[in-house]
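One chain comes next, on its own, written as structure tokens: the form predicted alone.
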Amino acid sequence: MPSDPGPDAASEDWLVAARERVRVFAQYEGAFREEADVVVVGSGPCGAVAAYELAAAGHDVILLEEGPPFTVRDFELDGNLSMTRTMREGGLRMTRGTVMPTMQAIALGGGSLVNSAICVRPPDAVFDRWATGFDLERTNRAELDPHFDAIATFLGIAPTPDEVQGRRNLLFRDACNALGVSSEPIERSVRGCRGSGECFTGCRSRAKQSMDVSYVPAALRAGARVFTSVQVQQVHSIGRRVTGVSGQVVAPFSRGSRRGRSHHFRIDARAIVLAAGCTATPVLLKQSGDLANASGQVGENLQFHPGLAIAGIFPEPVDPQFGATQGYQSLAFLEEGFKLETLWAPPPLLSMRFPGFGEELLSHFAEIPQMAVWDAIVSANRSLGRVRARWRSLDPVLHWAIHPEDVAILRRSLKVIAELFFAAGARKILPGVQGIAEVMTSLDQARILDSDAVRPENLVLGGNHVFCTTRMHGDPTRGVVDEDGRCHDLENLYIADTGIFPQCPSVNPMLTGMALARRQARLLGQRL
């Protein structure tokens, strides 16, 4: 197999390849039909890696993406406007049951366009739990480390340097040191980061190695074709083999509505890789005649990393607009079930955690120059849900309920964040929990955060890490795919997204998903 060269080709090479092998909405003049060795559905981190590996191995690959490509001119610094353009359902997708927003991107590059570029390897204990609980033999750190290493080299993954941390990130480091809690700079896939804190709305410096500037161009240089603004609506099969996919061209920013759809297409292929995402892949399988679901597990076992955050106000300026969006973390509490991180987002999005209205709300906006925000994500392995198709739509309906034991972990994480803020010298915190004090000025007041006074329905949660809806399992009756990502029921259908995770990975999932996708793409390439 070829080695990973990294995204080092000149921009002129990318433009030549794009003109020849990238299609955008304006270029579709009618219905079309194509053939390929492999069609990859979804251009996010997992799909882009799979497309590159297969194309680099000499296979004819078509990479499909429902969203449009974005350039620097297309990025909107207004967080609300950015969400309506880059997120499915305008960024307003919610779970039912326990209500929690969850954002999935619709753009070339998928979630990598708008995430914080965090690339963390799960500890051995995560894979040990996966192996014992899901009959897996080869999914461990020793097996995956070569894939982690190759991706790290390709994307320039490295710890965030101090010069782009900014004060809000370094305050977290200092707080951890004061309390004797281990912490470290977050490893991110960036080259030449300037600390602009604009990851969420798109990196205007193009330092972030999102898939549209890294793996997708590399796939194009290797000979792949990329079709954007195409919505896959069905996977076709005969017996135990899939034969291709079909769907319609969709106008950018139409959110896949019927009014935005136009020409039909079909692509025939020797193998299919579904990388549409944990919430979209099961819906597509259901809409294709309940495909790959002899186990009954398609769309089941929905899991999240529910996250929450606290804002701390310091006596002196923090200048939070400068610094890596998420530059520091602590893995010290992984065995307790949570990971701590620094965080920044556009102020309109942060304001959902601010208490009050009118003048009171404005007073909190006025404190933003002295503000830092730190968050926790929880490995909520006991909190389960399911994905179903919405009526006459490919948008999912997400049912999910937080388990009481996971609520206890969320409470504990809130208290730890509060302790860190006061250790760092914050003069007050905004815990963002309804039903208790909106502002706290001492650690004594914050002790209530780890108590039954914090009710699950009063937490302001977010869940953008999503897993397990097409889970990997060694037993075909209990899972959808095997360790190679191949569907148990079909000989040539693979799934390469976080839906194949057996459980939450305890850390940010992008790098693990990419490593699994690299492994399975190389195995698929050998089988073709």
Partner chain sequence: MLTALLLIAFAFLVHRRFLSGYAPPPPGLAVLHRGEATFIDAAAEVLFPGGGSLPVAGIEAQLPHYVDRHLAALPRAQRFQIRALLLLFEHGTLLFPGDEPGGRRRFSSLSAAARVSILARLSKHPNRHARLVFMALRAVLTLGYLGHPGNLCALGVAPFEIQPGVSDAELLFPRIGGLVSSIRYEPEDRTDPALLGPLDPHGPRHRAYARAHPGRR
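Positions refer to the first chain, counted from 1. Computed from a predicted model, the values in this text were never measured in an experiment.
There is another form of this protein, the form predicted in complex with the partner chain, and it is not shown here; the text below is about that form.
Asker: Work out which of the listed stretches, 69 to 77, 169 to 177, 376 to 384, 409 to 417, brings a heavy atom within 4.5 angstroms of the partner chain in the predicted bound form.
Answerer: Stretch 69 to 77 is the one.
Asker: Since only the chain is shown here, I'm wondering whether residue 187 would be in contact with the partner chain in the predicted bound form (any heavy atom pair within 4.5 Å).
Answerer: No - in the predicted bound form, heavy atoms of residue 187 and the partner chain never come within 4.5 Å of each other.
Asker: Verify the contact flag for residue 319: yes if a non-hydrogen atom of it lies within 4.5 Å of a non-hydrogen atom of the partner chain in the predicted bound form, no if not.
Answerer: Answer yes; at least one heavy atom of residue 319 falls within 4.5 Å of the partner chain in the predicted bound form.
Asker: Taking the partner chain as it sits in the predicted bound form, is residue 217 near enough to touch it, meaning that at least one heavy atom pair lies within 4.5 angstroms?
Answerer: Yes.
Asker: Mark residue 341 yes when one of its heavy atoms lies within 4.5 Å of a heavy atom of the partner chain in the predicted bound form, and no otherwise.
Answerer: Answer no; every heavy atom of residue 341 is more than 4.5 Å from the partner chain in the predicted bound form.
Asker: Among 213, 394, 331, 136, which has any heavy atom within 4.5 Å of the partner chain in the predicted bound form?
Answerer: After the contact test, the surviving option is 213.
Asker: Sort through 126, 108, 245, 285 and report the residue having a heavy atom within 4.5 Å of the partner chain in the predicted bound form.
Answerer: Checked against the cut-off, the match is 108.
Asker: Could you pull out the residues of 470 to 487 that have any heavy atom within 4.5 Å of the partner chain in the predicted bound form?
Answerer: Sequence-ordered list is empty.
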